[in-house]
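One chain comes next, on its own, written as structure tokens: the form predicted alone.
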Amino acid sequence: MKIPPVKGTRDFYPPDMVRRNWIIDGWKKVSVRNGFEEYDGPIFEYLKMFQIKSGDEIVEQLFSFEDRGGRDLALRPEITPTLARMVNQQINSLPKPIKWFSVPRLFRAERPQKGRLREFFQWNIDIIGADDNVLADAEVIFTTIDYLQEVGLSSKDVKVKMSSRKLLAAVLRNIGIPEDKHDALYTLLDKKAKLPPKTFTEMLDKQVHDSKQANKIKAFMELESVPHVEKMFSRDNEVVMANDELAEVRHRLDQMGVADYCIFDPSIVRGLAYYTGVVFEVHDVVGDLRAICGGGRFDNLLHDFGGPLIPATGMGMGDCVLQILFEQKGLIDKNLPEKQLDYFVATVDKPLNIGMADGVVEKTEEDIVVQLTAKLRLAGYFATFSYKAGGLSKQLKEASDRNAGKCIIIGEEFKNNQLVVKDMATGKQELVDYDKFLSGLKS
């Protein structure tokens, strides 16, 4: 009986692991060079941690269970609550700002779709406790773009769509929408880009019965630039202040040289209620895929977990959508590191009589191959030999197929303590003294 993998999960065969590691290594490389330190936490937490952040409805979207002690636990669907818990535990001793990143394996009990699986990896970067909120927001977005550039995605391939929850809240108050209706509207407005215009209008009219208010919301959602917002709400100081903050973030990104990636899009709402300021998502320009990543400011999160009110901003990027985009653009195989074998050790496979201190002992060439390969590996070289029975020509072909730099051939010359070393690129061969060869490895 063959047992398949669980639906929504992935098997990573060696070629798949190369691709996965290329993505994750890129995340880590960019994080470190932008000043972030790596952290991680347990793969499961108390269920209530995720309910605090996302509400009771989150229970249906994750894998939860009761342990032997009767505790309600859950496999982590995200790592931000773990971040909040860990920072709160050492909030007074951690130097500020806290710039951390993580690449956790996450789990969500959802219906698998294109770019959305039940098990995935996600790159998270967060800045907590920075004195300059605008600069911290800009740095999170810059680090995101830094990675996208690193892998070969230009502003013609992807766009960072920016908006502000603070701005949207101010606009809704200006229009006359009561505070208790904001969260429900956030959820709807967050779906705007995914809905046909007629459907969105109908759903908006059901929530906002006053047609003038509904029309103002739609007019705001269609604005294409920050100056247009200022023009439409110039007399509302709260709107102007939130709009100026967004403009300052854009200015910082311009100074950093990545503003060509960024556009204003008021339809970027981020459905989660905990966002408090600038929010953003990265989308492919063609628009065939769901968001590549998303993030924003969440100044209340640590306080919600029993900690102090402290500014925080961050981003999360999953590997599923990202890999689909890379495959569409032909970027993965193009960028994967070339497999490079330093030495392939081959044999003519004839018995040799090697003189030993205690007499003459018969050694086969295979014995020498194994010993030499081990010495090469212990010296830090990528070295191997053939498991297949076959002549020298077959072994040389295997060395070529495995992209070996050099092939060491053990033959009759070894009776004189010599190796044949062949450069696989040029075909040039030379006789090398065995002891000198080994001492050269050590030096």
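Because the structure is predicted, anything quoted here is derived from the model rather than measured. Numbers for residues come from their place in the sequence shown, where the first is 1.
This next part talks about the form predicted in complex with a small molecule, which is not shown.
Heavy atoms of no residue among 183, 243 and 266 are located within 4.5 Å of the small molecule in the predicted bound form. Remark: of stretches 205-213, 368-376, 292-300, 339-347, the one touching the small molecule in the predicted bound form is 292-300 (heavy atom within 4.5 Å).
Residue contact with the small molecule in the predicted bound form: residue 126 places a heavy atom within 4.5 Å of it. Using a 4.5 angstroms limit between non-hydrogen atoms, residue 327 is distant from the small molecule in the predicted bound form. With a 4.5 Å cutoff on heavy atoms, residue 122 counts as touching the small molecule in the predicted bound form. Interface residue remark: residue 236 is not counted as part of the site for the small molecule in the predicted bound form, having no heavy atom within 4.5 Å.
Put simply, of 115, 97, 104, 307 only one has a heavy atom within 4.5 Å of the small molecule in the predicted bound form, and it is 115. The single contact residue among 254, 222, 132, 110, judged by any heavy atom lying within 4.5 Å of the small molecule in the predicted bound form, is 110.
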